[in-house]
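Only one chain is given next, in structure tokens, and it is the form predicted alone.
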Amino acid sequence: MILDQVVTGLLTGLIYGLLALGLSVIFGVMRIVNFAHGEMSVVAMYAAWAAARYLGLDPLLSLIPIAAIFFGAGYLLQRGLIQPFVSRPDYMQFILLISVALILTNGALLVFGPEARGIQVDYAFDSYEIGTFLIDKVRLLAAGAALTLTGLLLAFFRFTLTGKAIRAAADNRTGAQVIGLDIGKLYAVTFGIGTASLGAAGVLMALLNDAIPRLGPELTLLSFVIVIVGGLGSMTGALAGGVLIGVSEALAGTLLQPSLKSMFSFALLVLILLLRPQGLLGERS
């Protein structure tokens, strides 16, 4: 039973990693904390529910279109609203993004109401038996999609010219400007990529959890814990942190009780901050 829960936590953690990856990418490049992160993910969950309800699309099929829409929305949001605040004090950025979060939460309440909206797929109760392990088909497919998207994102930053330019702007903004890179455009692309990541993660989360407006702050806090555990600004750290948090929550829910999952996550966070403040894969400043 414990091994089954470890596998379940591992699969869930891969989705958590993709969710936190959007937050890590935006902070790592722009040094802005997206306090509307969880609320944007909830909007993606509602988008997946609407696509399934009214268009008959499986979330795994609506994943790419929704992520593309979120990329465009993130790009425009950064260019039109966030870019003027990049050079302003941190507290002004916090207030701006918290305001965006409140608008999204209340907008979801207005459009969808307070009721939970869940997606039922044909394979919801299917599972795979591999040796002594019994693995949910939904969780396995969602985790596989999350891992694939994470790999594509890492490859984009490592091998493409745009990805290398974004990394250069993150490492040395002044140097990037000197060689002629358009920092504003790169920041907009970065915010679009981060928003697309959390949008894709929101779609996958909709396969596992019902969408409710008040879920936003919980997802934002979860993402903060993951990126701090993995290392602020580290994309591979976000994936490692997500897996670690997913496994710890699964074990806590099995060995103790489900209501103690968050306690274990925060205990792990405190332990990491004491022993390795820069996170698992973060660089010491």
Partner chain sequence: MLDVENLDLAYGDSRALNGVSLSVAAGTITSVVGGNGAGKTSLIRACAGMVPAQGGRIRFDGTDITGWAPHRICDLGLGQVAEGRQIFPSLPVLDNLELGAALPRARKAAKQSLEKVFALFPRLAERKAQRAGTLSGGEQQMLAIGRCLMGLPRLIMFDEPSLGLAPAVVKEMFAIIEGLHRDGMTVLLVEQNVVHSLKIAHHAVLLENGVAAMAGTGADLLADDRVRQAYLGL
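Keep in mind it's a predicted model, so treat the numbers as computed, not measured. Positions refer to the first chain, counted from 1.
Below, we refer to the form predicted together with the partner chain, which is not included among the displayed structures.
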| remark: Here the chain appears without its partner; judged in the model of the complex, the stretch of 140 to 148, 122 to 130, 170 to 178, 189 to 197 with heavy atoms within 4.5 Å of the partner chain is 170 to 178
| request: State yes or no: in the model of the complex, is some non-hydrogen atom of L76 no more than 4.5 angstroms from a non-hydrogen atom of the partner chain? | output: no
| Would D182 count as touching the partner chain in the model of the complex under a 4.5 Å heavy atom rule? | yes
| field | Interface membership of A165, the partner chain in the model of the complex, 4.5 Å heavy atom rule | value | yes
| task | Answer yes if any heavy atom of L161 is within 4.5 Å of a heavy atom of the partner chain in the model of the complex; otherwise answer no. | result | yes
